[in-house]
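Take a look at this single chain in structure tokens; it is the form predicted on its own.
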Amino acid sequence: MYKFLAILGAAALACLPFTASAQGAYPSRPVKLIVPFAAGGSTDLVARQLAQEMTTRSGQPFVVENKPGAGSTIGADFVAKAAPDGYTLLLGTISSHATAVGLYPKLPYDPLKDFAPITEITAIPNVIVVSPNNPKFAKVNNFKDLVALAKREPGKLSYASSGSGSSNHLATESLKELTKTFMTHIPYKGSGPALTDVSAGHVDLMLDVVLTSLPHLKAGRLKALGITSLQRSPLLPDVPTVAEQGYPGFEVLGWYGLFAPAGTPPAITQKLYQDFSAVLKSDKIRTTLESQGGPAIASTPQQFEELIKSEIVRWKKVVQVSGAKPD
């Protein structure tokens, strides 16, 4: 009996190095990082820089694959149905994991049940912009002035978005509900043409991420009236927040983060969290994210999951109240 137990114990000890080795070997082959948007956008840019840093850190290629379409849900669905082995990851966004729940009655995946959240990467505010040459805004210099104008002329102001059901469309609807104003929605195929028409005065205003509005603001083609973060943006320190201008607590951020398919082994998700967290805290990536208008966050998986839960509740209500439909 004692001899048998000794043999059993020796066998168990012999397995320990193998188990640790198996866990420590991840990744042992290339890892796909799925971006649910077309190449060239801000999400894609960040994904490629993160992939480059993770390749250096892990010694295995992290390869970005773009799978755009249906408001980012095609790429998210691809990852939800991928093997839960840590070799297919998603750079998910507020679109794929929060607003989509209200917008798509038959979403092909469950944002909570079908994914293992790893970490929130960043969260970027919107800036409210108008044309300085639009005569309607000759005496409008901040968000409070805009609200007053919208209330004086209900329905006469128009706002652009990068598409029906897009995050900036719903952000504007959230502001409309908050301020009890009515403005007409003009959807575009992307923020580029929308900003062009706002700067030309064809549409009155837009909520847009700081990154794409910044060149227009610096060139004087647009004027900023407010920003949707709780703190002012370091890129636009002179632009007051909406919260400062009579609406305390109001915040809308376009966040994105890293996900693995549900069922991915905890040892792998923990390693991914540790590695991506270290990369996000590096000077190179932190500077890159700050240049786009957002901080490097590197939240824990639990913190990220709680954010997603609260955002699903919030944006489902906005969709219901506004009647927003996806393109």
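Just so we're clear, the structure is a prediction, and the values are computed from it rather than from any experiment. Just count from 1 along the sequence shown to find any residue number.
Not pictured, yet referred to below: the form predicted together with a small molecule.
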With the partner left out here, check for me: in the model of the complex, does some heavy atom of Gly190 sit within 4.5 Å of the small molecule?
yes
Does the 4.5 Å heavy atom contact test between Pro61 and the small molecule in the model of the complex come out positive?
no
Is it the case that Ser42, even though its partner is missing from this view, gets within 4.5 Å of the small molecule in the model of the complex, heavy atoms only?
yes
Check whether Phe143 has any heavy atom within 4.5 Å of a heavy atom of the small molecule in the model of the complex, and answer yes or no.
no
The small molecule: the contacting residue among Met183, Val101, Ala123, Ile94 in the model of the complex [heavy atom, 4.5 Å]:
Ile94
Contact residue in the model of the complex, chosen from Asn168, Ser131, Ser229, Thr119 - any heavy atom within 4.5 Å of the small molecule:
Asn168
Out of 106 to 114, 152 to 160, 238 to 246, 86 to 94, where are the residues with a heavy atom within 4.5 Å of the small molecule in the model of the complex?
86 to 94
